[in-house]
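There is one chain below, alone, in structure tokens, taken in the form predicted on its own.
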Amino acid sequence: MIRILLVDDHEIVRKGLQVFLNLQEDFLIIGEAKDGQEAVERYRQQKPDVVLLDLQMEPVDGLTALRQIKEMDEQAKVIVLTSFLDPTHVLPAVESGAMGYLVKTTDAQAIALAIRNVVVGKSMFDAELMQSMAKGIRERADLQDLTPRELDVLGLLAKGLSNQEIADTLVIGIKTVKTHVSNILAKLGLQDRTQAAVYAIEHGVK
């Protein structure tokens, strides 16, 4: 069973999600939270497999909760489910460790698919979001400029893995991973891991 924590300040949204997700045989809703502070406490107590997290909440917002959860557990799998699709909301969330970013108008089946993919380590982002982010990436170099190991690292970045997870997967040191990431960004003319992940997805790097 995939154990899920729902975080949203609107009870009607939480209940709606709960009704649908409870119909899935492999899902189990283990808790709800109405703000970021409660989300962090619930995560600490219940250690869910996946968190569905809204961003706009008070007094503690979702982005703050996301960062605190990731500090508590680097392996935490969080999907942002919100109404905002602009870069000022998207990029901080992804850079803070969100493995998925979906808008609330997303089809229910797509949300279920995202949960299943994220729990096995795959990143899931709204299709419109991916297109808009890809437009902002300037292709200054070719994938042929990357070494085989850098391609391996890039593929794992696209799956949303942390530096430590990449190191464990490739059986290399975390300092080596950081060097590879820096080289990838420099060679492809990209600014951060988020752009690298989008670049990899757009170019079919696995």
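Counting begins at 1, following the sequence as shown. It should be emphasised that the depicted structure is a prediction, and the values quoted were computed from it without experimental measurement. If you superpose the two forms and keep the largest set of C-alpha atoms that fall within 1.5 Å, you have the rigid core.
Only in words, not in the display: the form predicted together with a further copy of the same chain, which the text now covers.
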{"query": "Interface membership of residue 113, a further copy of the same chain in the predicted bound form, 4.5 Å heavy atom rule", "finding": "no"}
{"query": "is_contact(residue 185, a further copy of the same chain) in the predicted bound form, heavy atom dist at most 4.5 Å", "finding": "no"}
{"query": "4.5 angstroms heavy atom contact with a further copy of the same chain in the predicted bound form for residue 25", "finding": "no"}
{"query": "4.5 Å heavy atom contact, residue 31 to a further copy of the same chain in the predicted bound form", "finding": "no"}
{"query": "Per-stretch contact check against a further copy of the same chain in the predicted bound form, the hit in 118 to 126, 102 to 110, 68 to 76, 89 to 97 (non-hydrogen atom, 4.5 angstroms)", "finding": "102 to 110"}
{"query": "Single option in 51, 177, 157, 55 placed near a further copy of the same chain in the predicted bound form, where near means a heavy atom within 4.5 Å", "finding": "157"}
{"query": "Partner contacts for 172 to 196, taking a further copy of the same chain in the predicted bound form and a 4.5 Å heavy atom cut-off", "finding": "192, 193, 194, 195"}
{"query": "C-alpha of residue 56 moved at least 2 Å between this form and the one not shown on rigid core", "finding": "no"}
{"query": "Rigid core superposition, residue 6 Cα moves 2 angstroms or more between this form and the one not shown", "finding": "no"}
{"query": "Rigid core superposed: residue 69 CA moves 2 Å or more between this form and the one not shown", "finding": "no"}
{"query": "Sense of the change in Cα distance from residue 200 to residue 55 in the predicted bound form - at least 3 Å versus the shown form", "finding": "closer"}
